[in-house]
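Single chain ahead, by itself, as structure tokens, in the form predicted on its own.
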Amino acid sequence: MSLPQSLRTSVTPPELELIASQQLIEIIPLIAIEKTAFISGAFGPLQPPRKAQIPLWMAINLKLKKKCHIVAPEWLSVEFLQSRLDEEINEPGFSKLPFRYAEVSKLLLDVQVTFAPDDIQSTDKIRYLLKDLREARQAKSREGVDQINRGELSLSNLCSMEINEIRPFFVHAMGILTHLHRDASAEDQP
């Protein structure tokens, strides 16, 4: 994170990735596995070639062992991301994306590079689109700083990573605004 240590009051990106790894994702198992119970729930049975939904962490683990193919989410495609980027550039608000799109895409693309070259198509183009999307959304977040006031700031459709990045700044800025407002109110009273 690019913030100084004094402003790092949020969750770190690796911690957000760990949280995101609990999300269910679709796979095509290559081996049969009986129903297995974990703390987070029971998953399975897995029967090839029937698709199944399991947590992302489990899908990555199975992929590393070459025991499944990961089915990319609909939103992790060039067409979808390009349409969201166009919307991001041309519309005033934030485009609707999955809440944990940044973390899930990073986890999937990191596995894709080394272990899953057949699961996700056009990974380089997807990476560029995700980078452009992130930059466009960060620019909109910075524009939102100009609208900050003591009452309310509305930035709908932010994802978890974006909220996490701006939270320390906004908490600090709102504290300063409240302090300034309180001082101004105290000076106005006789």
Partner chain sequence: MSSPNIIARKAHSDGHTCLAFSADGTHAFTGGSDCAVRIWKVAEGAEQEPGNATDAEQPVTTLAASDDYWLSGSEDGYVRRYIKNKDEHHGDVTEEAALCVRCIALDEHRTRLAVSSDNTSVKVINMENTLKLTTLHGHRHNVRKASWRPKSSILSTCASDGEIIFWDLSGEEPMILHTIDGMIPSVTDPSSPEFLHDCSAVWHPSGEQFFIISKTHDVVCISGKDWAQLGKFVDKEVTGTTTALAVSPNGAYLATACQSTVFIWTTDKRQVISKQSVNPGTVITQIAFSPKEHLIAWTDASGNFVRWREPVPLNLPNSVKRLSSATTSTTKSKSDAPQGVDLFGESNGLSLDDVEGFEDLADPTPGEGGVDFDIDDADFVIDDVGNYLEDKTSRTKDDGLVKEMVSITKAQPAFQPGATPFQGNKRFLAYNMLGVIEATRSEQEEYNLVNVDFFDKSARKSYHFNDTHKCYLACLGERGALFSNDTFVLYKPYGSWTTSQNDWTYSLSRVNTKVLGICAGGTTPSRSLKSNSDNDLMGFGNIVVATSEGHLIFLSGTGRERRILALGGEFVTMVAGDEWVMVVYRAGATTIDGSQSLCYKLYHFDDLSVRQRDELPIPKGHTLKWIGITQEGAPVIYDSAGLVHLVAKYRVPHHATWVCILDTNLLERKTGKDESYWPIGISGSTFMCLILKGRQEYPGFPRPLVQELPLRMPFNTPNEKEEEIERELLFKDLAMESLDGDELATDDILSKERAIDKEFVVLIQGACKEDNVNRAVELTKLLHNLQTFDIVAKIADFYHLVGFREKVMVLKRIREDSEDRFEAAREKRRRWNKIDTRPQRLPDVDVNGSSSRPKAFQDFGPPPAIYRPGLTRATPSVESTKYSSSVSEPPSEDTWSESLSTSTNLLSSEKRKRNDFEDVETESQIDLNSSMPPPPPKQQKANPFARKPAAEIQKNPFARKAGNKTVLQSESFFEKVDAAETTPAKSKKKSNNFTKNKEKDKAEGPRQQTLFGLFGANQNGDKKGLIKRKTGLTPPPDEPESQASDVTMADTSQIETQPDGWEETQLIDDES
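Residue numbers count along the first chain shown, from 1. It should be emphasised that the depicted structure is a prediction, and the values quoted were computed from it without experimental measurement.
FYI, the form predicted in complex with its partner chain isn't displayed, but the following is about it.
Student: Which single stretch, out of 36-44, 49-57, 129-137, 156-164, brings residue heavy atoms within 4.5 Å of its partner chain in the predicted complex?
Tutor: One stretch meets the cut-off, namely 49-57.
Student: Contact between residue 64 and its partner chain in the predicted complex at 4.5 Å, heavy atoms?
Tutor: Because no heavy atom of residue 64 falls inside 4.5 Å of its partner chain in the predicted complex, the answer is no.
Student: For 25-64: residues with a non-hydrogen atom within 4.5 angstroms of its partner chain in the predicted complex?
Tutor: Stretch hits, in order: 28, 29, 30, 31, 32, 48, 49, 50, 51.
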